[in-house]
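A lone chain, given as structure tokens: the form predicted on its own.
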């Protein structure tokens, strides 16, 4: 709901309260104000000008040379490109030195050789949205009424010297979908009175009931229908102040009659509809349910097919309006309308919602009926609209109204005790405080001892139970004034479990290693669900999937991460590292819920290192990804328990993939995505890992033990071993460590040779061995003895011999 600050002043005294201060007070009282827009912010130097002369530009077919009086000593020459500019018009002129929206500054210039000292403006150039500009001015400049004073501030005449509050209303506060509703709310907040609009009419000689009869068959859908008759109407533009108020609220002006119905919609929150009485074709209004298959052409010239669930207004025979939603083309007000039948009615929200949804006709009117209008304002809104039509359309309002009334809605009466209010809010309010709050809300209240009985006006349909009264007291007393107290009773302070702490450490480590966290869908397609799965199970399909792409619960996170890389690569972000911790779902039988396990997966592609100024580039490879995992396992204290074993995994490169073992249990894999898969996804070399995070985080790490820094030197020996090509370095390393204990402290591979100088089926692997005794300096004899033991073990267990 857009609320004009200046318009609101018509109903309540806002002296001493700025728009920004009012917005804060409304927000603190429970209705969020999303923002305050200053309509003329940054605009200056725009005045009303009088076009004294308009001639064709001598050097341009689409330009006009205008002589314009802007209220100064001499008129100025302005070149204008608007097709509708003409002599005698009153227009908005941005003088030389003026500033328009977007900090657009107006300067003296020459256009096709002719001097221009300003700019004649359209409404969009003054900051108004094109969709709210009257159609006759949508392609050109705006023309003021002839009585506009030359030289005055044009923005003031257009009500742009205003501020608009945007209220974000919850569905229960439909009362604030009107200026009067907001006025009542502000009056309660500020403790001031509400001034109601003028509706006094001169009595007419004829009666409305003599011209039309109202019959309602669907009484539950339409318990109240009121019709006013206004004769001798002259269709024309509505007054400028009304047009500008409608535009500020996001509604496009049309003509005086239609604009008045829209104005009342905003002022009272009561939708109205104006029919051309002469085009109705009868003296009867019949409200009924439509017949299945009945056809009806609405104001937007669209033929609608109706059903028996839709409520229609008819002339006794054919529909002339879809109740609460849109009128018909057969009875709309046009330029030759002279007699108006004005409808003001109370329609059931559910019925209006059904028609609005079925026909895709969501409107300001239907929104208000759906949320609920005040039944007590139905007649008042009609009287106010008739009053304005008499004033601004020259109409003669006939006495009374034709109506059908079976409405039985009564104000809600709710009782509550002062003790309960204080107990719920934790306050110590006295009865006078509570009574004052309900008086400010203009809720009739009676008090008997400790019991407070409140009659909620029908405009506040959200007041139904005791808790509603507690809320009203709380928000107007001020949430900031409610004391803070600690909960009563025993409680356990919150903390992280060991599992949660470790998971947080893993995430922090991976992000520190340069990986971005991704969050992908747990739902995937049938063909992707089983790709890269650590455990092969039956897939779990949704009963009612939104699409085939999101129809099955995933068994692996990897396919989604590869989609993330594909998406980024297609947008030239081809060096990327991502990880995700998330659930996979394993089938557990037909009638059982799936087992949910937490996995960790990562995917890296492109350059690992790119120091352009050093000319250094390094692409990611297997050892980068393996190194990231080794760092993570070291942080968790699991280094000694983790092994990497060459493996074959579907979808992975056959020679660059390893299983990850925790003890003897397989917990995941690491390696390069198969080249065929990379090609399908249009990716460069991509390295990935996925493992059971649950198994990793629940593993017991050995107790951390510290060792003194060695005081004695170590001895290093390098060996090159010739072994069968199928022998893996990890096997050799384990043999070396076992045979060399306890003096052997470190072993690592530093070379691999499989060249033409090697025997067929053989390879050479070189290891560096470090021997150390923490309590003494080792002798060559001691090291040689252990070293020979290592070589013997290698030959015996792996057939490895020293390379000659």
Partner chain sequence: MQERLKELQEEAIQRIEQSASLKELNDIRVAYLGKKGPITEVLRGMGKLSAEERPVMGALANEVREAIAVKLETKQKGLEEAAVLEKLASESIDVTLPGRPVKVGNHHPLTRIIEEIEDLFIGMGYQVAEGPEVEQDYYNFEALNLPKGHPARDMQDSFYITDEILMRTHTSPVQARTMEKHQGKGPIKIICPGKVYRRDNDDATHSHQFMQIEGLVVGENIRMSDLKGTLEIFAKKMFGEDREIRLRPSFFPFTEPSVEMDISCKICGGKGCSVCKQTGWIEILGAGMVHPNVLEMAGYDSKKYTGFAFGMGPERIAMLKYGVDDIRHFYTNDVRFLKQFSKHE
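Numbering follows the first chain given and starts at 1. Heads up, when I say rigid core I mean the largest set of C-alphas that superpose within 1.5 Å between the two forms. Since the model is a prediction, treat every value here as computed from it, not as a measurement.
Omitted here: the form predicted in complex with the partner chain. The next part is about that form.
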**Request:** Answer for residue 516 alone: is it within 4.5 Å of the partner chain in the predicted complex, judged on heavy atom distances?
**Result:** yes
**Prompt:** Going by a heavy atom distance of 4.5 Å, is residue 28 a contact of the partner chain in the predicted complex?
**Reply:** yes
**Exercise: residue 32 in contact with the partner chain in the predicted complex, heavy atom 4.5 Å** = yes
**Partner proximity in the predicted complex: residue 329 to the partner chain, non-hydrogen atom cutoff 4.5 Å** = no
**Item:** The single option of 640, 448, 591, 498 touching the partner chain in the predicted complex, heavy atom within 4.5 Å
**Value:** 591
**Item:** The unique member of 408, 335, 485, 200 whose heavy atoms fall within 4.5 Å of the partner chain in the predicted complex
**Value:** 485
**Message:** At 4.5 Å by heavy atoms, is each residue in 675, 780 and 789 next to the partner chain in the predicted complex?
**Reply:** no
**Fill in**
Per contact check vs the partner chain in the predicted complex (non-hydrogen atom within 4.5 angstroms), the hit among 298 to 306, 218 to 226, 719 to 727, 504 to 512 is 504 to 512
**Item:** Partner contacts in the predicted complex for 164 to 182 (non-hydrogen atom within 4.5 angstroms of the partner chain)
**Value:** 170, 171, 172
**Prompt:** With both forms fit on the core, has residue 211 moved 2 Å or more by CA between the shown form and the other one?
**Reply:** no
**Displaced residue check between the shown form and the other one: residue 585, CA, 2 Å or over, core reference** = yes
**Asked** Taking the rigid core as reference, does residue 540 move its C-alpha 2 Å or further between the shown form and the other one?
**Response** yes
